[in-house]
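Read the single chain below, which is given as structure tokens and is the form predicted alone.
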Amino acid sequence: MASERILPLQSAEEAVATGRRRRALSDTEFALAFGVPVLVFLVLVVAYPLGYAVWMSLHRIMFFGGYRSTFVGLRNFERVLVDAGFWWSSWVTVRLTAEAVVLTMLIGLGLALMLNRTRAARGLTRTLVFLPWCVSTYGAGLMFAYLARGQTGLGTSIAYALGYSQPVDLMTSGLVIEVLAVGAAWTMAPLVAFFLLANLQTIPKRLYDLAALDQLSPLETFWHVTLPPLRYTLFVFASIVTVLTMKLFDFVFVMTGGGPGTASATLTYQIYKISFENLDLGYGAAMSFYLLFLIIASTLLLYLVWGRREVLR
């Protein structure tokens, strides 16, 4: 009778270790498992629409008499550069963005300082401050349009209360950009305030004690103790608000409709009008790439002027 070969028995620990080695993924497999779904998602959500926009910008697309497209090369981009409406909308966009960013940063910083000092009903106060961020820009546009018009506006109510008989219309060509900037800041400042508040609460209290020992004034204490830890956060949110304001559409569409006249016709509104009202999709796609270049150039300029110093600090 042939002798049977007796295999050594594995201990429980060795069996578990062997199973773990079999189930473990290599670095390449792990990277593929997590990277491929993200890559597919980006291709579907970003790359395909961007590629289709590039295709449209190189074609003249017509709907009347049946859908058809004609390759025109860079002619749409050349048309944009000689379009006076494009340059006017670019100026309106830059002006609105500059005012909205400054107001948002100032209001956000003021709210953060106030919330940092608030002790009574802290939770309720923070909830009320954060509510504007929760309001849709569509709803905010309706509200500010109601408050700024001469018939129903806040300015008219104050004027009547002071004894004046003339309505105060803030939706004029000279003031409409400022009203838009205030509305945009009203919606975005709460988010800035809460991130700045988180920064404020990380500042050691002993620094304020040392400032008091040195007899620094409140302004000097703010400048030398409070502001330095906030500078990087301010830069980051200045960049975010710049991007959000430059691509802002629904707020402008609901509140002013690009008016009066073309006084508030931002690039996003101009692109909408060309693409969906005039149905010139190729020209609208080409103009959208100029908006993209403007956003990239603005944030890059902001980094070179301000952000690089904060990163290297």
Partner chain sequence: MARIELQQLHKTFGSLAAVQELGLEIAEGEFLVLLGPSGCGKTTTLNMIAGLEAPTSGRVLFDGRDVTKVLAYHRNVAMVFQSSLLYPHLSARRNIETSLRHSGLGRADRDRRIADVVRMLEIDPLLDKLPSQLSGGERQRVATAKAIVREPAAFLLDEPLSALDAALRLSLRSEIANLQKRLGTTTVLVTHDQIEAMTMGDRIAVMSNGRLEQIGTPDQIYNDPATLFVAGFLGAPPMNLIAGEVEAGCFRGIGFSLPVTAPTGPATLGVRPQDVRVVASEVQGALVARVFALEHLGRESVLIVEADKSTKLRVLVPPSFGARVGERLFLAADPERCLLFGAEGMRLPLHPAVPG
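All values derive from a computational prediction rather than experimental measurement. Positions refer to the first chain, counted from 1.
One more form of this protein should be noted, the form predicted in complex with its partner chain, which is absent from this view; the next part is about it.
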statement: Exactly one of P204, G110, G174, G73 comes within 4.5 Å of its partner chain in the predicted bound form through a heavy atom, and that residue is P204
field: Contact assignment for its partner chain in the predicted bound form, among L147, A211, L230, V135, heavy atom within 4.5 Å
entry: A211
Listed range touching its partner chain, judged in the predicted bound form by heavy atoms within 4.5 Å, from 214-222, 186-194, 159-167, 86-94: 214-222
